[in-house]
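Given as structure tokens, the chain that follows is alone and in the form predicted alone.
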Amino acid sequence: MFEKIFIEKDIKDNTYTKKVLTHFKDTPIQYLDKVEDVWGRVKKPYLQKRTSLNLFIGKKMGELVKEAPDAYGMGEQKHYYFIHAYNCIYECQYCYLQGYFNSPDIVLFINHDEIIQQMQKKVDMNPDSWFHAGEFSDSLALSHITDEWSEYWDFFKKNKQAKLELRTKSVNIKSIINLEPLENVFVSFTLAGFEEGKKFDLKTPSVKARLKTIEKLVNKGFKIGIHFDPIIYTESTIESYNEIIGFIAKLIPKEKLGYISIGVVRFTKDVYREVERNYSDSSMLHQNFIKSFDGKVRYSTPMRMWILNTVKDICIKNNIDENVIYLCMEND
């Protein structure tokens, strides 16, 4: 998978570092002082990840747990995301990472104890805080090589009012399937219609495979979250979401469905420029996008609200409780 592994000298003997290296015994290793000395110093084209990808292992410095923007998650509680990795092995055409970092190379941060310490400080101030993993990476795609989630499970067992969300498109549940399901931990899957998934979610497990994984987790007792986000409008969108929501309503018992978020595709101007460069033939670009009041490229407000409310209505018609549905990144 990786051409080369770069490791910060200070953490070469760390337990998590050693765990990762057991999976890549023949991969060349180079030691450095800090990840930032090499990673992102020279701009590397996003699509170079298809042929040349490196792995960096280091310690994340500074603010490890950050307050999330408005309408990021369910409810009125405080929402935070924590940073345990940069970049993703998947290649969704709309992914904002292609315009966010200078490099598609993967970075794994191994100072989970320090992340948890910062979480504890947030919980001491707001016991019912939410914590989200998967902002800058997929939370499960590489979790079998890092195997850190049991440490976080221990934290959320002790802090029962706090909540954890693992955001993913992966079917790689090796690291969590044998952990005790907790009422305050949610495994959240991003889903689209079956055809939309094939068209736009490149190199990810199929939507059908994700549904099978949801079924496995539900059968084990896990709580599930669903993200219909970002919705990319096509002529078959409404039909597609009628189909996928019908599956979800039958698959997940009401007591195991924590929330459904609904959002539409949106880009910063820098990300949109990269999308145009990387996927110039994508039908996603043949949309009626406008430059919005906040500088983002997205559908007009009437179009956006129609898509969001139509998908929400489909959920409600399938007997999904309206109270578990929220509109992602849409302020009142």
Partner chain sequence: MKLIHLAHRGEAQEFTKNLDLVAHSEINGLYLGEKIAVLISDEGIYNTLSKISLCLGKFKFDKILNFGIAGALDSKLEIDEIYQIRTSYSFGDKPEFKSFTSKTNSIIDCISTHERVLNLEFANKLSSFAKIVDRELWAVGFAAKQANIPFESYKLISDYAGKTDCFDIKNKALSFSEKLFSFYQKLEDIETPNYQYTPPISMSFTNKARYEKLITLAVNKYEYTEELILEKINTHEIINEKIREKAKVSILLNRIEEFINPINTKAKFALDQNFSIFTKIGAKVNYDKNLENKSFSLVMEINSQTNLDNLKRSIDLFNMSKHNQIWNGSFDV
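Numbering follows the first chain given and starts at 1. All figures in this text were calculated on a predicted structure; none of them were measured in a lab.
What follows is about the form predicted in complex with its partner chain, which we do not show.
Though the partner is left out of this view, K34 does not reach within 4.5 Å of its partner chain in the model of the complex, counting heavy atoms only.
Although the partner is absent from this view, K66 stays clear of its partner chain in the model of the complex, with no non-hydrogen atom inside 4.5 angstroms. Its partner chain is not drawn, but in the model of the complex it has no heavy atom within 4.5 Å of K60. Not displayed here, its partner chain is kept clear of S150 by more than 4.5 Å at the level of heavy atoms in the model of the complex. Contact check for K43, N102 and I290: all three have a heavy atom within 4.5 Å of its partner chain in the model of the complex. Along 290 to 307, these residues reach a heavy atom to within 4.5 Å of its partner chain in the model of the complex: I290, K291, S292, F293, Y299, S300, T301, P302, M303, R304, M305, W306.
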